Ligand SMILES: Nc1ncnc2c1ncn2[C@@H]1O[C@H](COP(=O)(O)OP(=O)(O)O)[C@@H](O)[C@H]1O
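This document starts with one chain, in the form predicted alone, laid out as structure tokens.
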């Protein structure tokens, strides 16, 4: 039996509400469960009725449809919103999409076009609804789908940790970033993108037979059950792990496009998808950097690392068109006795160092050898831990600003 999609119609004109309902009355898989005249009424009914799709007018007496869309996305992020408006210019479309709308149609909509858009949006809502029960997996009881577990957009965020030079501590930052970002309300998964010789399992002292190669062949048909079977659960922190292949030769099986499809599915299950990438610009790394919501680029104070970081920033921003505000630059293993300061590095690179993490081998090395991220122990209270906490704050802040499209280029 095909899925049925519940629809709420929002328009301040009664004739319009009635005409749209008539267009849908002969579609067996579409049910009009309610109508609303104002923005506030739309919000209240969306929360009460939990429709799959909200058909939203732009012009209403109390607030416009874009403002109502933003508020609905905060209170009922599963419901997918389709904007209907006589104003079909690109500015309105852009504002609608930034507010969280799924699609945009001009009035009066054609019947076949309207039905097609509702089915696409409805299928998206049902996919999120069916998988949301897994968001709190391993971290406590099931969370209310309308609670803070789901972010404003209804999806989590992909954060790629990358360094153009190996050996600067990217995996240490990625694992500690993941365990610190993770909570019952904001579950995190870390994906080992260093496919040939990934160390995430070692850094977290976990062993398992499953890995990314159990997901990528099914990238087009993933479901939450399969992910549950593949991920490793890190009991001490609560995060989940998608490991690199156990045999380096198996890395050749993973295509960059399939790897990204896995990441894009994981954001339906987790608030944060942290990817520990390889420094080599393979297809997997390039596609990950292109698809991520935020890139944490790791450098250190040594000259080769700074030179490589500058070259990579120029490549990403000037050649590949990556926005500068999508890149958070981190200086790791900072030693105050070395004359190369974060301010000097910022000036040299033309990109501000957002976070500084001090060198502390007495904390990091024992943690790595035991497979315990230092943010789970005493390291959290030390200066190196404060650096990670600062980075976590910057990550959350930047993701929020990027989502609201309010960040000027650095």
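Numbering follows the first chain given and starts at 1. No experiment lies behind these values; they were computed from the predicted model shown.
Just so you know, the form predicted in complex with the named molecule exists too; it's not on screen, but the next bit is about it.
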| One stretch from 119-127, 103-111, 310-318, 330-338 that, in the predicted bound form, holds residues within 4.5 Å of the named molecule by heavy atom | 330-338
| query | Does residue 77 reach the named molecule in the predicted bound form, with heavy atoms at most 4.5 Å apart? | reply | no
| At the 4.5 Å heavy atom threshold, is residue 365 in contact with the named molecule in the predicted bound form? | yes
| task | Report whether the minimum heavy atom distance between residue 170 and the named molecule in the predicted bound form is within 4.5 Å. | result | yes
| message | Check residue 354 for me: does it contact the named molecule in the predicted bound form (non-hydrogen atoms, 4.5 angstroms)? | response | no
| note | With the partner omitted here, the residue among 50, 360, 27, 64 that in the predicted bound form has a heavy atom within 4.5 Å of the named molecule is 360
| remark: Assert contact residue (the named molecule, in the predicted bound form, non-hydrogen atom within 4.5 Å, options 68, 345, 384, 36) equals 384
